[in-house]
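Single chain ahead, written as structure tokens, the form predicted alone.
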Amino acid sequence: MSANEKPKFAMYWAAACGGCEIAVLNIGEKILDVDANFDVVFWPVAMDAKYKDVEAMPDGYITLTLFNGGIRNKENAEMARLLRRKSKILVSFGSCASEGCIPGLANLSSRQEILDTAYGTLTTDNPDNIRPQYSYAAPEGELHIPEFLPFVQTLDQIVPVDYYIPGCPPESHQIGAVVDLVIQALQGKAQLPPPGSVIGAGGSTVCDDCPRKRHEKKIKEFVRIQQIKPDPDLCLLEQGVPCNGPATRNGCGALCPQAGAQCIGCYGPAEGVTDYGARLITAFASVIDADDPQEIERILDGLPDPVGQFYRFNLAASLLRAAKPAFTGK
């Protein structure tokens, strides 16, 4: 790249809902800074671009790629490898790329179970019981669709990642701060953090940002928030509402607890947490007011969806990764 050329920017959407793309646009006027400081060379949701265009680029040509979404099919995996080769800085952008997020909960089921649910349940009009075919000999020639992989993987399980930006989606003000940091670093006015760092978020927990008071009260049951009228000033977990703040990375501003809703963990594990669910189980156990194993089990049974509670965003990146059916197909 010559001295007069702008750095190159790319963004790709894999197995995700599209919220990360919207979050980037939600940074408002700062999106003009992206345009002023970068040449956007690949962003399928915002411009006409083909994979062959990326393949033709020299390795390392793209300065910064934001990759959002997990790896659910072979196309996702191929694009991850391609964009890794073509990018100087590859960022795992958002919860799906970094943790698997909601699509990762499909790792509880086998590929066949997922396809049967999608193509064979009562609400599906599929009288011939047709399933996807990864190749098909049409009159016009051989047609191909990407193969559906056995389970969701995170981006860093496929290729090395330089940085992580958490969130479902990342908060707009933090995306703006990251954009500013990268621009300043490219201009020699700032230094990027060490590779592998989480950027655009804090290093502690949501509890540290939450203004609610904690008194280490003990609970006799877990409840859904709609079952009670919560005290607006008291820690939700101490009121029996299963709040994931104790294990979740801060940086969102504790928006949900401040609005009267429990943290559900979209910013992923806090700094130093090896397994999100294990840390959360420990936090929940610490507020249970019981010594009898049967009573403890009764209280824990008040959590209607343990996997969804402890691994809603994190299953694909956890130590568990997936249930046996996803690995074995049975």
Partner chain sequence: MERITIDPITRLEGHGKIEIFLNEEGEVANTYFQIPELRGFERFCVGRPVEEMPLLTNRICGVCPEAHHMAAAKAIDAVYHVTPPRPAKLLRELLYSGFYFTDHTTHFYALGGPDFVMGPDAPVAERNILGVIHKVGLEIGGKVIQARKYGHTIVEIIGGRKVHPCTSIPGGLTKGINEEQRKQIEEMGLWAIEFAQFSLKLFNDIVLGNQAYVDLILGDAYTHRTYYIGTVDDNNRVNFYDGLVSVVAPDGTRIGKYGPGDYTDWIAERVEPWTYLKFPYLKKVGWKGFVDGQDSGVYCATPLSRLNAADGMATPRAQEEYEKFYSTLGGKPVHQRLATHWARLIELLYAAERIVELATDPEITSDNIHTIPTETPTEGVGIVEAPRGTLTHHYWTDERGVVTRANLIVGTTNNHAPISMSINKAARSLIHKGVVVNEGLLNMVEMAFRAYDPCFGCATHSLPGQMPLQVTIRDARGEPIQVLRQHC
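Numbering follows the first chain given and starts at 1. Note that the structure is predicted; figures quoted are calculated from it, not measured. C-alpha atoms forming the largest set that superposes within 1.5 Å between two forms make up the rigid core.
The discussion below concerns the form predicted in complex with its partner chain, not included here.
Although the partner is absent here, residue 176 lies well away from its partner chain in the predicted complex, with no heavy atom inside 4.5 Å.
Within 4.5 Å of any heavy atom of its partner chain in the predicted complex lies no heavy atom of residue 61.
Mapping the unseen interface onto this chain, residue 240 falls outside it, with no heavy atom inside 4.5 Å of its partner chain in the predicted complex. Within this chain, residue 13 lines the site of its partner chain in the predicted complex, having a heavy atom no more than 4.5 Å away. Residues from 266-295 that approach its partner chain in the predicted complex with a non-hydrogen atom within 4.5 Å are limited to 266.
When two forms of a protein are overlaid on their rigid core, residues whose CA moves 2 Å or more are considered shifted, and residue 126 is one of them between this form and the one not shown.
Residue 190: CA moves less than 2 Å between this form and the one not shown after rigid-core fitting.
Remark: with the core as the superposition reference, the CA shift of residue 141 between this form and the one not shown reaches 2 Å or more.
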